[in-house]
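We begin with a single chain expressed as structure tokens, specifically the form predicted alone.
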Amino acid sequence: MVSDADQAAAMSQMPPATIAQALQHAREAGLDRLDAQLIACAVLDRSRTWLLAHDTDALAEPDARRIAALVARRAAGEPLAYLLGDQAFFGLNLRVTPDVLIPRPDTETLVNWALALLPADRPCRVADLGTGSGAIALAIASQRPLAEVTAVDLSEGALAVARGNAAALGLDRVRFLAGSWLTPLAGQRFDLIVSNPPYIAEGDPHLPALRFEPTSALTAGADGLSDLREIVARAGGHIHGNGHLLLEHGYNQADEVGQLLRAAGFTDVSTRFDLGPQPRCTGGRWPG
């Protein structure tokens, strides 16, 4: 004879029968409504509008199990972008994998600043250091068709993702190079160099929340400034006179990055604020 406890346990292993039940299970697992809906949309290949109008529809068992598996991973803290495989950035849909940092809206501050400096009506040369998914380089290339954009990353896995994004967006003219920061750019000069390098200090208490993203794209020494120091120290030799270097950094690093830029010979040093608003990007002009 099957006990009530055994029957309850068996029922708990059964996949939800409808979309509404799947969404309810996701909420009970700790997901917010939007994440639950986006996971279901991705599995079913449907829009949120369709989902809301068909929540009482029957759910095929394979789909129910796929949704449940993704819900469990999200409940364990895995970023939604990795689960769905893409992330929106500056109007572009980018493929992302655990090989790359997930692009953040705050980084659009850096792109907007870059676009304000770049001419729309004539060629110019731009370098993006530590390109990751290609987010910054591709956003700039999409808005400045005459720009010659070069993107650098040390990670071959990241470069594979970035090249795939460039191809999917029809931005194949962007050049991708493997190597550390400015090393692959020997003998080359640019009108603008941009970078969103690692800037979190090793041992920072926020790192556990970022455990699914590549550590190499997050941390930079004991104070988080190691990579920023290297880029600033070497960038002048790769920038045309009156060209610019723009850097993303931590909310509490603007003063230190500004000091690094001035000490290296950059002028007109200033900072831009993110959506927070927090001081997010600092840059300067290389003397002509």
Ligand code: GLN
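Numbering starts at 1 and runs along the sequence shown. Keep in mind it's a predicted model, so treat the numbers as computed, not measured.
If you look for the form predicted together with the ligand, you will not find it shown, but the lines that follow are about it.
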**Contact stretch among 170-178, 111-119, 156-164, 193-201 - heavy atom within 4.5 Å of the ligand in the predicted bound form** = 193-201
**Request:** Find the only residue in Cys124, Leu80, Leu210, Leu182 having a heavy atom within 4.5 Å of the ligand in the predicted bound form.
**Result:** Leu210
**Request:** Could you tell me which one of Ala217, Val96, Ala141, Val152 places a heavy atom within 4.5 Å of the ligand in the predicted bound form?
**Result:** Ala217
**Message:** I'd like to check something about Arg73: if you look in the predicted bound form, is any of its heavy atoms closer than or equal to 4.5 Å to a heavy atom of the ligand?
**Reply:** no
**Message:** Given that the ligand is not shown alongside this chain, does Arg189 nevertheless sit within 4.5 Å of it in the predicted bound form, heavy atom to heavy atom?
**Reply:** no
**Prompt:** Does the ligand get within 4.5 angstroms of any non-hydrogen atom of Leu101 in the predicted bound form?
**Reply:** yes
**Prompt:** What are the residues of 247-262, in order along the chain, with a heavy atom within 4.5 Å of the ligand in the predicted bound form?
**Reply:** Glu248
